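Only one chain is included here, represented as structure tokens and corresponding to the form predicted on its own.
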């Protein structure tokens, strides 16, 4: 469970980490599950509702970019999302009444893993308050060559930065970002990173010959209610479930203004949104 220093760092800087949060046996079981999920998937033949393939590969290419909602569809991942050790740590950061929000696996295959531009998670799914976070589990050792997470500390209390261009949500920060203050979070496999939903973060492409697979689980306080923005809200809320404490039948409202994203259609993922913005600028 997270200690007092890590809780203080999370509150002060918007993130903290815990090497060795997952054991070698837990990592091996999750990687086996991922191999089973991805087995046989190609660009030409894969379940688009469950995974997304890396671009720039032929029809028989088998490099997966993202697995969607593993904690909904696959028991070994759901078990981790409800583990007492994890929920005890989350309760120290968000309180006793906790909702599981979403899950995904970003694969970052060797020498091809896609870039993720600077963004804040809460820009995608506005809530009535900001008590929301993601837990990122490194399932491979991560460093700057294979695209480890980068964060900008102490920005999480300053509100949502602009993620739109021409009034349309782009899935990335569209105002200048001072990346000179960024911190690269390197760590061995099994490291858990607790990331505030308002903390700007990004990751570079994987230029190494080694994979960087990261399991990401989202949680929020039970009194953080979604602000309705159409079909994207309905889709995002379909995986939400209570994992600790009690359902809270009132919404707590924070003091920060919460920008509402305006989407063109229902985007598949942040990769899709960010690619559209890159194409607009060229």
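Positions refer to the first chain, counted from 1. The structure displayed is predicted, hence computed values, not measured ones.
Same protein, other form: the form predicted together with a small molecule, not shown, and the subject of what follows.
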Of 192, 127, 90, 116, the one that lies within 4.5 Å of the small molecule in the model of the complex (heavy atoms): 116
Just one of 216, 38, 229, 240 has a heavy atom within 4.5 Å of the small molecule in the model of the complex. Which one? 216
Does residue 50 reach the small molecule in the model of the complex if we count a contact as any heavy atom within 4.5 Å? no
Check residue 66 for me: does it contact the small molecule in the model of the complex (non-hydrogen atoms, 4.5 angstroms)? yes
Determine whether any heavy atom of residue 149 comes within 4.5 Å of a heavy atom of the small molecule in the model of the complex, and answer yes or no. yes
Touches the small molecule in the model of the complex: residue 106 (any heavy atom, 4.5 Å): yes
Residues 121, 203 and 212 are flagged as a possible site; in the model of the complex, is every one of them within 4.5 Å of the small molecule by some non-hydrogen atom? yes
Per-stretch contact check against the small molecule in the model of the complex, the hit in 98-106, 179-187, 154-162, 79-87 (non-hydrogen atom, 4.5 angstroms): 98-106
